[in-house]
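Read the single chain below, which is given as structure tokens and is the form predicted alone.
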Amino acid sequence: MISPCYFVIFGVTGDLAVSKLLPALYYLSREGRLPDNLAFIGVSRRDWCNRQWHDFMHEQLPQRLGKDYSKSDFDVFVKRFTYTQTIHDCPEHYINLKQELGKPRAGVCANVVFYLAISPADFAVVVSQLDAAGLSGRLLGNRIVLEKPFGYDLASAQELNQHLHRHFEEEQIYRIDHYLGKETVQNLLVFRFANSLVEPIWNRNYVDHVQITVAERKGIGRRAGYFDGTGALRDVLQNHMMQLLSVVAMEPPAQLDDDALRDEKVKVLRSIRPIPCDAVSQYVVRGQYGCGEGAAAYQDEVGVSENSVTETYVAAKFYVDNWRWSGVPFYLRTGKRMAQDSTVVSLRLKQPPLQLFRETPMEDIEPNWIVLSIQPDESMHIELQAKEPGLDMSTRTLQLHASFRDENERRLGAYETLLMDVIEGDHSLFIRFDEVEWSWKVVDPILRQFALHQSAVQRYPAGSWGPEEASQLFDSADQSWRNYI
């Protein structure tokens, strides 16, 4: 696909653009990855001229880039940008944007990327206005990028998708989940499918259970306006964690192209056993952080209702009813104000027969684990058992630990990968709507029960690993949450 000549960022003065998108684009520019004829147009509600926008970039970005800031590289990057004011529901502003896009410039102009770094509530109006101004570009191949969450529930996701398809074709739509851009998530595919040591045991015959944890030490910060009406289930589990689960559980695709990869992920989502409406409490625990370690309780955060029952933590048990994973529980949990920042996929392997060691201290040996740390440490960790030196027949755990990068290698940001894929027209790491739809089908019954039983929110102290009730989800007494790498 031909690279675009313009990359338009709606909400360019917002936190997402300033903290994630612009730094990622700077790195791509510095490394010579961006096409020479690619220019950027920043769009926001502020009534600024180009000079004011460039001043804003010089104020905000150097501190975020830190030691990677280079004045000469930054000056080259800034020169790619122009700015135009656009109120979301003002048709005149879209005509101005169209005129800006139509100005003659050097290089061949093929198409335009529209990145909606704005509130999901504004997606529909911006999409409609773009089409009304003749900017949907069905023939030109313009692209539109939407951040999560895609919808608020199944019905709203379907409605938004129908609205999008009235103005853009599916091949023009890029639904972004930055977790799929993380190198460690991509490395999971290589780890699984490029190693004959791993793939034969990646199934129900050898795996006792799987744990996926996405934990954050911070609270909601200034996001109360968004988060208090959303909650952890919608904000993290429905998208990020369902994507991680599908990558962990998927079958090997025929090839690593757009549709083959996403077809296998959809098969996993379709195979997840529905949670019975009358038994949600046996499969899902939700919590809300209280005060602790000097942090305020959730209900005391600025902008949060004092009687809010929004969950800041959710743990759930799922089963993937297919040939590979039948009977293997997948335990997912995510929370804010947790003990540490950690995104980890952990597989506990089944115990081997221990009759040989039944009269020795080895009768109760620790199980083997495969642990893939996605952040903050990008690493692979395997635990095996070996005999402890000495006269007794006792064991100790051997830890095989490998980082995915050398110390001197710069960590590639998820948005760098994904933005480059948008520019090159590669859909592989973006979400097709049937993935969105099936993940909402998994989560929707839980949401309905949350609405019916609003009081069932367990409190947990800030700085902990969540409510103790989450341990009740395990199928057997020897299973427990793994809180360490």
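Here the structure is a predicted model, which is why all the values come from computation and not from measurement. A residue's number is simply how far along the shown sequence it sits, counting from 1.
Note that the form predicted together with a small molecule isn't included here; everything after this is about it.
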{"property": "Listed range touching the small molecule, judged in the model of the complex by heavy atoms within 4.5 Å, from 282-290, 319-327, 392-400, 217-225", "result": "217-225"}
{"property": "Contact assignment for the small molecule in the model of the complex, among 150, 94, 179, 174, heavy atom within 4.5 Å", "result": "179"}
{"property": "Interface residue in the model of the complex among 203, 195, 375, 340, criterion: non-hydrogen atom within 4.5 angstroms of the small molecule", "result": "375"}
{"property": "4.5 Å heavy atom contact, residue 311 to the small molecule in the model of the complex", "result": "no"}
{"property": "Close approach of residue 336 to the small molecule in the model of the complex, 4.5 Å, heavy atom", "result": "yes"}
{"property": "Interface membership of residue 262, the small molecule in the model of the complex, 4.5 Å heavy atom rule", "result": "no"}
{"property": "Any non-hydrogen atom of residue 88 within 4.5 angstroms of the small molecule in the model of the complex", "result": "no"}
